[in-house]
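We begin with a single chain expressed as structure tokens, specifically the form predicted on its own.
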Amino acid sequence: MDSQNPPRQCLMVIFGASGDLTKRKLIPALFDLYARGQLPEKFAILGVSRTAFTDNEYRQKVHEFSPQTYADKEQWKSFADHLHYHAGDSTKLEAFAGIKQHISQVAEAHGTGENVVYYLSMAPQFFEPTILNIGASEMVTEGRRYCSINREKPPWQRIVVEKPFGSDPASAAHLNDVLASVFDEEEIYRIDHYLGKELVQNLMVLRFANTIFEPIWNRSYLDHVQITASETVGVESRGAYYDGPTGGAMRDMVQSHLLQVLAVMAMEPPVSLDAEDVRTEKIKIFKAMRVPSYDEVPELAVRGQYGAGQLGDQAIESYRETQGVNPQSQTDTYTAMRMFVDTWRWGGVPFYLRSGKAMTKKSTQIVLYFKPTPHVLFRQLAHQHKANQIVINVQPDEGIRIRFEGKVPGHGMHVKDVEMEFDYEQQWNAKPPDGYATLLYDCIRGDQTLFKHRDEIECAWKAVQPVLDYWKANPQEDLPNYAAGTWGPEAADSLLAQDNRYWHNPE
């Protein structure tokens, strides 16, 4: 627990509490925090959803969904006493009289006071009515800090919003305006579980706490940067959602997650680790991302869609054969894109982003490729061997690997690549906490460092929208164009090959 800013007592209200995200991620993350002693002593959870459950029925449903998570019976029993449920439709204003009354009852029973976190764990079409109903029901009593009666320790009401944050620049800006009509920006927590991953946070330590890295983290030494997020699974039961207006690898992964990783990796040193200072530097990177023109899209972006294939012993059906997917679907299950960040540090350095489903291995990596040595002594070596690299494994097997050249012992000048590796679990004998646990803890503490600002959201959409517009206007005839269980379409290799580069495929 952070003694400098410990979490204060609060009630968490989860809208969409009967959904998979709540049962699969949110409640387990809160249970993990509870087991670690990182939740405030006075804490409670109220789940809100349309399905009718009593408190005990809901607790049983949560437990049955993932019994191995709650294997410690005593701990589960103690945690479950803090877990409550209310049946109601948050998109209907008339339902909020009962919701508001139940919130008061739970808050009084657990002594949580007026501090409330509202969590929108629901489909995006329900965001706007729920937010507006929270405001109309006067459930944000301390939204404007300058009106607070208690200026020393004012109570607070915060809102956590899951992606997708819109489906294009206009809808993203509209959602931000809706949020701003009810909550101050400092009380809005746009969650991205990628930013809760330990190695993404460790990027700042790697760069800004080590003088051996920061001086070479720029265009003078780096040839290019690759950011990969690959998954072995297909869309599974989410076919109808993934084939909808907010689906596809570009919207689901690149715009949302990978541009965030890029911003953390590329930002300038903040003046402090306070949320405002860190986010200020990230926003500068987002604003410096070069927005491609419509005509440039074919040269810098590749889309793919997986067909039937094999991954180990598992057969994977073609994306277009998945239930809920249009048989002529143009949705991208794979995206690769070359981007530039037009700042003094990164001018001319390409960033290659890619993400895909049904690929060879599940992995999220950042790979920094260094330029070859300029001295003629090893000119031939530069053509025969791979470039020096820093490989940052975000997930799984969190760690950092440095690849460089070394002389093989013995007579003659025989050079071979060698690696130095830092493995997170081996080094610290500890497993990183789940991203959701980290982010929920920060939200309760009021730390927005790892959450998105509205400017980040809107700039990210502007950076990718020309690609989406071009793809919509120009259907691709060869889809599907890569087999499940491979590293994606051949066109993605050509994207790098035209510049004499190659993808780093995790082993």
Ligand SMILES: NC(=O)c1ccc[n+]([C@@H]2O[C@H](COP(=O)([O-])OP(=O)(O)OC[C@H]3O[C@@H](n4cnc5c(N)ncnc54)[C@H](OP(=O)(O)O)[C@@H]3O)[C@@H](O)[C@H]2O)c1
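Keep in mind that what you see is a predicted model, and the values were worked out from it rather than measured. Start at 1 and count along the sequence shown; that's the residue number.
Keep in mind that the form predicted in complex with this ligand is not shown, yet the notes after this line are about it.
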query = Pick from Trp156, Tyr436, Phe79, Tyr369: which has a non-hydrogen atom within 4.5 Å of this ligand in the model of the complex?
reply = Tyr436
note = The listed residue (Gly234, Pro124, Gly309, Gly239) that reaches within 4.5 Å of this ligand in the model of the complex by any heavy atom is Pro124
request  = Evaluate Asp20 for contact with this ligand in the model of the complex, applying a 4.5 angstroms cut-off between non-hydrogen atoms, and reply yes or no.
outcome  = yes
query = Is Glu398 close to this ligand in the model of the complex, meaning a heavy atom pair under 4.5 Å apart or at it?
reply = no
query = Any chance Gly113 has a heavy atom within 4.5 Å of this ligand in the model of the complex?
reply = no
ask   = in the model of the complex, does Glu187 have a heavy atom within 4.5 Å of this ligand?
value = no
ask   = Which single stretch, out of 43 to 51, 450 to 458, 62 to 70, 474 to 482, brings residue heavy atoms within 4.5 Å of this ligand in the model of the complex?
value = 43 to 51
message = For the stretch 24 to 39, I need every residue with any heavy atom inside 4.5 Å of this ligand in the model of the complex, listed N to C.
response = Arg24
